[in-house]
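Shown next as structure tokens: one chain only, the form predicted alone.
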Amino acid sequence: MFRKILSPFARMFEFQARTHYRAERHSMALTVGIILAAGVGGFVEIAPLFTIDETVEAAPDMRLYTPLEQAGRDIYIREGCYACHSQMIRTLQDEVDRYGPYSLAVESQYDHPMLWGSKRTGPDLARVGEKFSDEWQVQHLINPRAVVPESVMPQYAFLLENELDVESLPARLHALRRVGVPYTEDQIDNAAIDARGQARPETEAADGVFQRFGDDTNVRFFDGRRDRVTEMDALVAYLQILGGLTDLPSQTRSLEGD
């Protein structure tokens, strides 16, 4: 009985084997086959780019990362945080219930590189912004098991002692503008000042942050220290803005609920 069921497949496999053997013996046939296979694969990857304008939603309120937040993002990448945390909430109901509105393409249009990820040793962080206090984030980074006993995350206490390199920020923002992030000359020229100002709310530099990046920008002592701007300031500032660059995801969820 099974032989009768499998016999058509056996003939198909035999035909495939003979065809493959003949192609391997003829270099031109094998070359043509490789070109066709690569062409189909390339088309499948490239074709969606022709509809990119339709894929990325319009978000008039979308704002850019501040220099301090961008520095924190660079530290996040440097320390390999993306290897254990994704930043993309899928449209599955259980993910939406746990993490919040599903991720939209517009939210990562200025991310270079994107950090969607596919592995979750820890939770997704796409909407972690303002979910916990600055103090909680600092303690979690210093000693993860102090706030999450079952955590396997390494400690990053050294970030609290590392002074942030702000002088390189203008060049970094300029490089991002070259790949499409619309930073203005004013934002680039004042990147170092704004990075310090965002973590020092009592200084005049903080006013420039609001002027260049909006009144809703988080400006405060992120790591609790007042004597200097640290890498901890930058990383916490970045974590606290995740999911907060635009209100469109929440609006989309509300419309779908209606």
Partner chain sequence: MLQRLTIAERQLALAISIAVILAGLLMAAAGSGDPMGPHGAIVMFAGAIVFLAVLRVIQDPEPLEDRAENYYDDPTRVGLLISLGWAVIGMGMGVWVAAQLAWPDLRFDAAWSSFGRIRPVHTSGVIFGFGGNALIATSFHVMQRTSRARLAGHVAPWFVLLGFNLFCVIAASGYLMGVTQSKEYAEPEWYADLWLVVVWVIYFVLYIRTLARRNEPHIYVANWYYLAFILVVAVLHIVNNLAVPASFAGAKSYSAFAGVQDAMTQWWYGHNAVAFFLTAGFLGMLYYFLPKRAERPIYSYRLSILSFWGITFFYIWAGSHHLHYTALPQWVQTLGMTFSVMLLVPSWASAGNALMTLNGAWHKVRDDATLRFMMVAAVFYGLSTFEGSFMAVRAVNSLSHYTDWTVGHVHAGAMGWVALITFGSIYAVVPTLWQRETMYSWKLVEWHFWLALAGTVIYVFAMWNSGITQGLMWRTYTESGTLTYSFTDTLVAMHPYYVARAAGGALFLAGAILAAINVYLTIRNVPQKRTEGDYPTPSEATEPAVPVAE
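None of these values were measured; they are calculated from a predicted model. Positions refer to the first chain, counted from 1. In this text, the rigid core denotes the largest set of C-alpha atoms whose superposition between the two forms falls within 1.5 Å.
Separately, the form predicted in complex with the partner chain exists; it is not shown, and the next lines address it.
When contacts are judged by a 4.5 Å heavy atom cut-off, residue 167 does not count as touching the partner chain in the model of the complex. Residue contact with the partner chain in the model of the complex: residue 80 places a heavy atom within 4.5 Å of it. Remark: residue 133 does not count among the residues lining the partner chain in the model of the complex, judged by a heavy atom distance of 4.5 Å or less.
Among residues of the shown chain, residue 146 is not one whose heavy atoms approach the partner chain to within 4.5 Å in the model of the complex. Comparing 221-229, 40-48, 58-66, 198-206 against the partner chain in the model of the complex, the single stretch with non-hydrogen atoms within 4.5 angstroms of it is 40-48.
Screening 128, 138, 188, 115 for any heavy atom within 4.5 Å of the partner chain in the model of the complex leaves a single hit, 115. Within 4.5 angstroms of the partner chain in the model of the complex, the stretch 95-113 places a non-hydrogen atom from each of 95, 97, 98, 99, 103, 104, 105, 108, 109, 110, 111, 112, 113, taken in sequence order. Core-superposed comparison between this form and the one not shown: the CA of residue 58 stays below a 2 Å shift. Relative to the superposed core, residue 192 shifts its CA atom by less than 2 Å between this form and the one not shown. Relative to the shown form, the Cα atoms of residue 50 and residue 108 move together by 3 Å or more in the model of the complex. Compared with the form shown here, the Cα atoms of residue 66 and residue 52 move at least 3 Å farther apart in the model of the complex.
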